[in-house]
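A lone chain, given as structure tokens: the form predicted alone.
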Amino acid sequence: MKRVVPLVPAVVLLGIFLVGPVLWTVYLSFTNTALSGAAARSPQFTGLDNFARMIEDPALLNAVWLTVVFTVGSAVIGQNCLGMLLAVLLAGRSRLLRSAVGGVVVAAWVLPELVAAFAIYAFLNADGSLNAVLDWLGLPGQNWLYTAPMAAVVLANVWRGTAFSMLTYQAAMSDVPSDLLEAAQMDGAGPLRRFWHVTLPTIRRTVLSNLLLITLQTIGVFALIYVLTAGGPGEASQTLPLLMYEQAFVFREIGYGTATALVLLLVGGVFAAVYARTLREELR
């Protein structure tokens, strides 16, 4: 009993601020709650109507697909691979070089999301820095946020979030036993083979943990995409968080918006289950 009592405040706070809102969201998804009209004054329980509507909604399928593309492109491939590459390239370099590169990469990470979004917008829009450089080189420019919206938001999220993966892998690589690397080098293994056969197997659990964290963080990205493209043009970059916002606060259909939020929760749960299962097998 004495061991349980100190945990009670933490459990109560989790119940109020985490479990409570989730349960309330689940309840609202089965109603026609709205921000205006009769449904705002007296919402009714509608059962599975919102979910039946989602099955026939092409915007939802498009948003699920774009969410997966955005997550895989900017987190699983972009942030993870670029962070590892930077960690490998900076290993053993001078402190000055590591500080300079690390400072540039971390600067994008510590910026507030809105500030980072406006910085990328100033770089990619029709009158932005990228087109100015292309014009100076005699190359044609374009409105990148309109012609390639998904590529733009993926690159923006990679730029902003790579620092976390880089720092994680730098810490993990510092714990790789030096005698293993030296033994591999004495056996004639080059840098690539030493990384593939010694370093990567040693830090594989860190890789899985990093993938889990950055994936769950990326699935819920809203402000970055909203500032850059607002989900457009049309629905070309409308991920699930933006669709949820549109349904709940633009069309004022809170019930349908919260049902969409459960789909977002489901997508995140699928990613988390895959990583958790893989990590659990690694720990055996």
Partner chain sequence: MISTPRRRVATGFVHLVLGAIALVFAAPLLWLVTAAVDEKAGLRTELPEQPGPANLLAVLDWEVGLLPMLNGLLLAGGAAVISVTLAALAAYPLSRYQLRFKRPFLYVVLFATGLPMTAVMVPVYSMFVQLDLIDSMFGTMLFLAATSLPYAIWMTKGFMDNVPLSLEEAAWVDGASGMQSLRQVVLPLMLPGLSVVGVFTFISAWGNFFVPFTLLLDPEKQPAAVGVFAFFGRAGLESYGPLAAYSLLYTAPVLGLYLIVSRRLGGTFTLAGAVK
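Positions refer to the first chain, counted from 1. Not measured: the values here are computed from a predicted model. Rigid core: the largest C-alpha set superposing within 1.5 Å between the two forms.
The same protein also exists as the form predicted together with the partner chain; that form is not shown, yet it is the one meant from here on.
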Exactly one residue in L111, V72, A148, A183 has a non-hydrogen atom within 4.5 Å of the partner chain in the predicted bound form; which is it?
L111
Heavy atom within 4.5 Å of the partner chain in the predicted bound form - residue from V176, A189, L85, V76
L85
Is N32 one of the residues lying within 4.5 Å of the partner chain in the predicted bound form, judged by heavy atom distances?
no
Consider Q142 of the chain shown here, and say whether it contacts the partner chain in the predicted bound form, taking contact as heavy atoms within 4.5 Å.
no
How about A152: is it within 4.5 Å of the partner chain in the predicted bound form, going by heavy atoms?
no
Indicate whether the partner chain has at least one heavy atom within 4.5 Å of a heavy atom of F251 in the predicted bound form.
no
Do any residues of 83-97 have a non-hydrogen atom within 4.5 angstroms of the partner chain in the predicted bound form? If so, which ones, in sequence order?
L85, L86, L89, L90, R93, L97
Look at L262 and decide if its Cα position differs by 2 Å or more between the shown form and the other one after superposing on the rigid core.
no
Threshold 2 Å Cα movement between the shown form and the other one at P9, rigid core reference
yes
Cα of A273 displaced 2 Å or more between the shown form and the other one, core superposed?
yes
Using the form shown as baseline, tell whether V22 and A273 are closer or farther in Cα-Cα distance in the predicted bound form, where the change reaches 3 Å or more.
closer
Looking in the predicted bound form, decide if the C-alpha atoms of L61 and V274 are closer or farther than in the form shown; they differ by 3 Å or more.
farther
